[in-house]
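Next up is one chain by itself, shown in structure tokens, the form predicted alone.
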Amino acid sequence: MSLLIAAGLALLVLPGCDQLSVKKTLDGHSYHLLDQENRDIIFPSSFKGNVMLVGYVYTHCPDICPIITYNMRDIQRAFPDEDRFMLVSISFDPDRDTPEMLYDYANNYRLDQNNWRLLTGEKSQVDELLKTLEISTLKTPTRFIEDDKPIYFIDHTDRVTLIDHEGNIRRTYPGSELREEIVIEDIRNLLDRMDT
């Protein structure tokens, strides 16, 4: 009897040990956005069938966002010929981050844009998506310089999200401190699961 209880407890505990278990599903969610080439994107359905590594940045960020972008770029380079893997950067500053700004940002960071989409859109859509993905932001007070150009910064959650090919959130990581080997292994595991 005690052996059966122990076996039952083991079954209850094992799923919790799986770092890649489904944390949340985006099934039924739909966000209308634009990518860096000004193309309409419906997130996440436009990317269904791909494992996604999603980061959250804005182009005027002076510190963490460049680190997140470089870390994601390093991960991308580990999968040069994998067409079922893509990267997504979502801007939480849609007032300034137009598709053109995101395109320039991608070029400045020498990103391979074949499988990397940078997204912006209406503030209401972006805010709803960030809320769903549990990303918090806090805008500093705005000041104005010459030509009434606004200057402000945005504090934000330092996170990168791993989403599987069906739109399920599988794992999150600190974006500015990505442990490359762990993220690569997790992505490979999700890609392998697609083959079974």
Partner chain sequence: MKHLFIYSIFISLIFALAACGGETPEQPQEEAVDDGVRTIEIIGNDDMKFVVREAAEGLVTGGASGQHLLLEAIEASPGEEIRIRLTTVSNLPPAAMSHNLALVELGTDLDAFARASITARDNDYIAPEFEDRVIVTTRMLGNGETDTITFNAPEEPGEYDYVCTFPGHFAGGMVGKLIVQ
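Numbering follows the first chain given and starts at 1. No experiment lies behind these values; they were computed from the predicted model shown.
As for the form predicted together with the partner chain, it is not shown, yet the points below apply to it.
**Item:** Every residue of I64, Y70 and T140 near the partner chain in the predicted bound form, heavy atom within 4.5 Å
**Value:** Yes.
**Message:** Within 4.5 Å, heavy atoms only, which of D158, E134, E166, E128 is in contact with the partner chain in the predicted bound form?
**Reply:** So the residue touching the partner chain in the predicted bound form, by this definition, is D158.
**Message:** When the contact criterion is heavy atoms within 4.5 Å, does E185 count as touching the partner chain in the predicted bound form?
**Reply:** Heavy-atom contact with the partner chain at 4.5 Å: absent for E185.
**Touches the partner chain in the predicted bound form: S176 (any heavy atom, 4.5 Å)** = Flag for S176 set to yes.
**Request:** Report yes if any heavy atom of R39 sits within 4.5 Å of a heavy atom of the partner chain in the predicted bound form; otherwise report no.
**Result:** No.
**Request:** Mark N108 yes when one of its heavy atoms lies within 4.5 Å of a heavy atom of the partner chain in the predicted bound form, and no otherwise.
**Result:** Yes.
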